[in-house]
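Here's a solo chain for you in structure tokens, the form predicted alone.
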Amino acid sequence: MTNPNNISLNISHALEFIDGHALNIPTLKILSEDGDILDGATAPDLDKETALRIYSTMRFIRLLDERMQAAQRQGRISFYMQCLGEEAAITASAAALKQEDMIMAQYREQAALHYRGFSLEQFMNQLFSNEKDLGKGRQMPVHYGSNELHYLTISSPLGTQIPQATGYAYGQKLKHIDAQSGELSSEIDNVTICYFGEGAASEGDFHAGLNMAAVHKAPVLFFARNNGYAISTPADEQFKGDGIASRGVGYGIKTIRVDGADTLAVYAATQKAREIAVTTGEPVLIESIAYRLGAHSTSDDPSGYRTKDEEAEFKSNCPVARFKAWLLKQGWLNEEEDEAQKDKIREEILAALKVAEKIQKPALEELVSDVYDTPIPALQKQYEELKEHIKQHPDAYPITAGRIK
């Protein structure tokens, strides 16, 4: 029987509607809040070196976020966004990938970048938009990017990376398609992971990206960070369905929901999702359930939309402390050494901050120097007009005015 409508061919003679919550999606949880493997759960194969690298990344990002949040309040940088409460979700998922897999982030995934080797100095140079910044000072703080580390530069508009990830992943797959049969001729080398929040899943790009990935079978891992709030809008005012995972099923995509504060669960889920993507060439959706412990950004005040009691409830389930407890029970971490390392990292962060904030800003000509091989006349005209404007109003541009030739 032909099936031009592409539907399940189940026939019913009863008038019955399917309830909007008929699909009951479980949440994978492996590690207890005390750092024990839960009864019936199976821990992933995680070696000591990788486990400690995950923890050191989480620890570093927690301390970096702490310091740079304060730096913004001091007026030393203009903007900042913390990963607070989602360190396990980001770090463990990045650890389950290959170094050459592409990462397309939203803006709270600095842990994934540091896990790959982005240095403290590189973080600081970007945050201060100085002349050593890889982005040449053209981006807001926390809008990182690294060609070397396969981390696409972050874009502020929500959701734009989702269809881009589908297209990029499809390109990764094309290299392994047999020209005669149109089928996979070999296992795919690399995949793309795309991070976004549950708020971004309300964008049209989310639906376009997932549907395109499902139809064209692109090896992309969609990693939805459901942290409860889209800035100030709680999840129950964003959607009525069962989280974001239910949408993956609706698009015909293999889907799993995980406890985003559980490092082992996230690592296991992402590792399996990548295996599915490279062997079948198809997408997978992972929904991480965590809680955004901090404000949306330094421009936000969460006291206007949630209570201190609610925050205190979730602070007790700290992902960093939870994984640390497991490491201590494995005998892989020493409490005294850990505390000493924290003090050392704090000192290094402060020292790097003081260096980066004194480095010069990029020269004005960097605005147009590599947009084209040679600036086109219209761009050159705009550049000259900008220089004249700055010369006429030097007090408004104290840093740039003295460096114009």
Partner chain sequence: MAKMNMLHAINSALDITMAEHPQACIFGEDVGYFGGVFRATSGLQEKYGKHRVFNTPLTEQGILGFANGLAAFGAPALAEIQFADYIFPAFDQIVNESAKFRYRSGNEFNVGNLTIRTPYGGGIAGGLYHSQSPEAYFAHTPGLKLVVPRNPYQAKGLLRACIKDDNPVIFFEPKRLYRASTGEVPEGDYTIEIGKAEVVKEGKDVTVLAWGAQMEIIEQAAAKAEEAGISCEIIDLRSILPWDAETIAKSVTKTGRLVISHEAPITNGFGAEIAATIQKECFLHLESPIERVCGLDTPYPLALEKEYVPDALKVFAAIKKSVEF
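None of the values given here were measured: they were computed from a predicted structure. Numbering follows the first chain given and starts at 1. Here, rigid core means the biggest group of C-alpha atoms that superpose within 1.5 Å across both forms.
The form predicted together with the partner chain is left out here; the points below concern that form.
Not one of Ile25, Pro44 and Thr255 comes within 4.5 Å of the partner chain in the predicted bound form, counting any heavy atom. Although the partner is absent here, Tyr305 lies within 4.5 Å of the partner chain in the predicted bound form, judged by heavy atoms.
Interface membership of Glu183, defined by any non-hydrogen atom within 4.5 Å of the partner chain in the predicted bound form, is ruled out.
Remark: Gly281 does not count among the residues lining the partner chain in the predicted bound form, judged by a heavy atom distance of 4.5 Å or less. When contacts are judged by a 4.5 Å heavy atom cut-off, Ile399 counts as touching the partner chain in the predicted bound form. Though the partner chain is absent from this view, in the predicted bound form it lies within 4.5 Å of a heavy atom of just one residue from Asn211, Ser202, Gln330, Asn334, which is Ser202. The partner is absent here, but in the predicted bound form a heavy atom of Pro141, alone among Gly294, Pro163, Gly145, Pro141, sits within 4.5 Å of the partner chain.
Looking at 236-244, 113-121, 82-90, 314-322, the stretch with residues near the partner chain in the predicted bound form, meaning non-hydrogen atoms within 4.5 angstroms, turns out to be 236-244. Although the partner chain is not shown here, in the predicted bound form the stretch 139-175 places heavy atoms of Gln139, Met140, Pro141, Ser155, Ser156, Pro157, Leu158 within 4.5 Å of it, in sequence order. With the core held fixed, Asp343 shows a CA shift below 2 Å between this form and the one not shown. In the core-superposed comparison between this form and the one not shown, the C-alpha atom of Thr374 has shifted by at least 2 angstroms. Annotation: Cα of Ile390 displaced by at least 2 Å between this form and the one not shown, core superposition.
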